[in-house]
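Only one chain is given next, in structure tokens, and it is the form predicted on its own.
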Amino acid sequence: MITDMERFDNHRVLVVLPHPDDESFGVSGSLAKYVKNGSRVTYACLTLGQMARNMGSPLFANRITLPEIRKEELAQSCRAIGIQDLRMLGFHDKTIEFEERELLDGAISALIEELGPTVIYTFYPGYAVHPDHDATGAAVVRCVENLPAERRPVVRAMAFSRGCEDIIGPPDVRVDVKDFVKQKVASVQSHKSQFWVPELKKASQKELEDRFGTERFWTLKFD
């Protein structure tokens, strides 16, 4: 089990997720911790979540305006976390599982070649509930598998499907992000068209740390 003893400095972090807001609840605290310790973080967001049904509460978006709104919300979330490099890859929401592998894998592999990440964060294929999540994680796995063993970065995955720990076991990485709940809450609140969580404004620091203070990951194995 890796906890606070893990080094968060001198990493080149690549995050590959399909939707604006995917970064907020699961990994934003860890990313803020990397940034605080001098690591460089690139977030590759595959889509703009343009097929989402939530349009804000009270309603302020529509099907036409939503892509631009979600683009700005994503940029705001990245600023809150401190992410230095945001890439919007332009794939279409809710179609990642149907994308041509050559196109999808090619885009992710090009980023790996360009950035040389030491660690990649994505979703655990098959255990991340949404088809886009699973397809994104599967694409990352294919790309890393195709690398020579000595060039493979560490791949950390988020899983949260019901009963997943009974199948894949418990997470091997737990990160204490209590010092970064401010950034995490700001990331969540950036996505106003997706989340309306007024209770967060009234929550005490202790309540926020209890709710958001730990993030968990599975380190994927190759070979």
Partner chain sequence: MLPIDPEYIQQRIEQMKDQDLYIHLELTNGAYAAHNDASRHPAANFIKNAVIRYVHGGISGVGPYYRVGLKMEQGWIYSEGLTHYEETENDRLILAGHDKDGKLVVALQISPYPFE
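Numbering follows the first chain given and starts at 1. All of these numbers come straight from a predicted model, not from anything done at the bench.
The form predicted together with the partner chain is left out here; the points below concern that form.
You can rule out all but one of 68-76, 86-94, 116-124, 141-149: in the predicted bound form, only 86-94 has residues with a heavy atom within 4.5 Å of the partner chain. G106 falls outside the set of residues with a heavy atom inside 4.5 Å of the partner chain in the predicted bound form.
Shown here without the partner chain, the chain has no residue in 34-53 lying with a heavy atom within 4.5 Å of that partner in the predicted bound form.
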